[in-house]
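What follows is a single chain, given as structure tokens, in the form predicted on its own.
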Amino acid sequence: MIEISNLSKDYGEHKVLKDISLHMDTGSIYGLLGPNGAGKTTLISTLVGLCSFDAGEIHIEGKNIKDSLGYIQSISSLIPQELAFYPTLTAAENLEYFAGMLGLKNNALKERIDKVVHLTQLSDAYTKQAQTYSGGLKRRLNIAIGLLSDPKIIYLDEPTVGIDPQSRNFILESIKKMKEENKLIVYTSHYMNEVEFLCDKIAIIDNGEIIQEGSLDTILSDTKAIIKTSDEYLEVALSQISDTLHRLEEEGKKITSIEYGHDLESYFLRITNTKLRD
């Protein structure tokens, strides 16, 4: 779906992206991680055509972004961290306005709005002004607007910042359902537990460079888990956890806990350093 080859971007003397190459598949959730200022926003802005680049190539659905930008933008949606709707309008008015901006009319407009309202569960607040919404409702309206075009590629930038646990859980489950519609979702977050829950594959970017990329199992393959039963504990490689649990169950052993040597967050801090970023 997305093929990035040797992508570079400079701002004067500052190299923001350095020779980046990535492959992202349709029907998956791809996590893009990095400290503040690492280059994530610039990379996403480049993929949606909001930012130019100095070297390299980007192909999306086999099309070169320089030759087919209009088409690529038509199948993509960037749902930003900043809330992008009119607070004095209701959800209904916001959705009708943005659907109209996309050229949707009559039955097509109604069908599309009905679908995104169902997906984001906005019906109870549909006729209320958006400025009266809780943080979670505002995030859900933000997502609903971004889905109006029925995009094939969805870029989600920190979609759960500042919301309650129930809203976060609902949004994460909704994102998983989007993947089932054979879409590509590019997900950025500083919440590593969300990334572990959602993503099939991740890339960690720092100082404009990809410093690690691959599936979570591959990236954390040096991690061991400690499986504790009522009378013993076992150190097990991640790839062997399922088989070990099955064997213990057959032996009638009661499993009391599973502890991991380190999770994605500790691994992320280890390879990006713990120094504060602004």
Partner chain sequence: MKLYYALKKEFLILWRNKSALLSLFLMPAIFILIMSLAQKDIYKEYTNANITYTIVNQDKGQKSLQFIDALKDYEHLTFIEKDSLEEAQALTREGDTMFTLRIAKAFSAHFDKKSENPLIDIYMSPSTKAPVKLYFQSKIKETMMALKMKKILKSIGKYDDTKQDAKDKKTIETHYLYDNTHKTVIPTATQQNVPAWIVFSMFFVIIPISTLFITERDDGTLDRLKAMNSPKGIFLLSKIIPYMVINQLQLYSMILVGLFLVPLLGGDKLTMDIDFFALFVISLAISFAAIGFALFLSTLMKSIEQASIVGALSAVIMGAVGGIMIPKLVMPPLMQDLTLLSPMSWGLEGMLDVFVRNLDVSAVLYEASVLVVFGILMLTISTYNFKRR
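Keep in mind the model is a prediction, meaning the values are calculated, not measured. Residue numbers count along the first chain shown, from 1.
What comes next is about the form predicted together with the partner chain, which is not displayed.
Partner contacts here mean any heavy atom within 4.5 Å of the partner chain in the model of the complex, and among 178-186, 89-97, 164-172, 199-207 they occur only in 89-97.
In the model of the complex, residue 108 stays away from the partner chain, with no heavy atom inside 4.5 Å. Contact check for residue 80: a heavy atom falls within 4.5 Å of the partner chain in the model of the complex.
The shortest heavy atom separation between residue 133 and the partner chain in the model of the complex exceeds 4.5 Å.
In the model of the complex, at least one heavy atom of residue 145 sits within 4.5 Å of a heavy atom of the partner chain. Each of 50, 102 and 129 is positioned with at least one heavy atom within 4.5 Å of the partner chain in the model of the complex. With contact defined as any non-hydrogen atom lying within 4.5 angstroms of the partner chain in the model of the complex, the contacting residues in 58-74 are 70, 73, given in sequence order.
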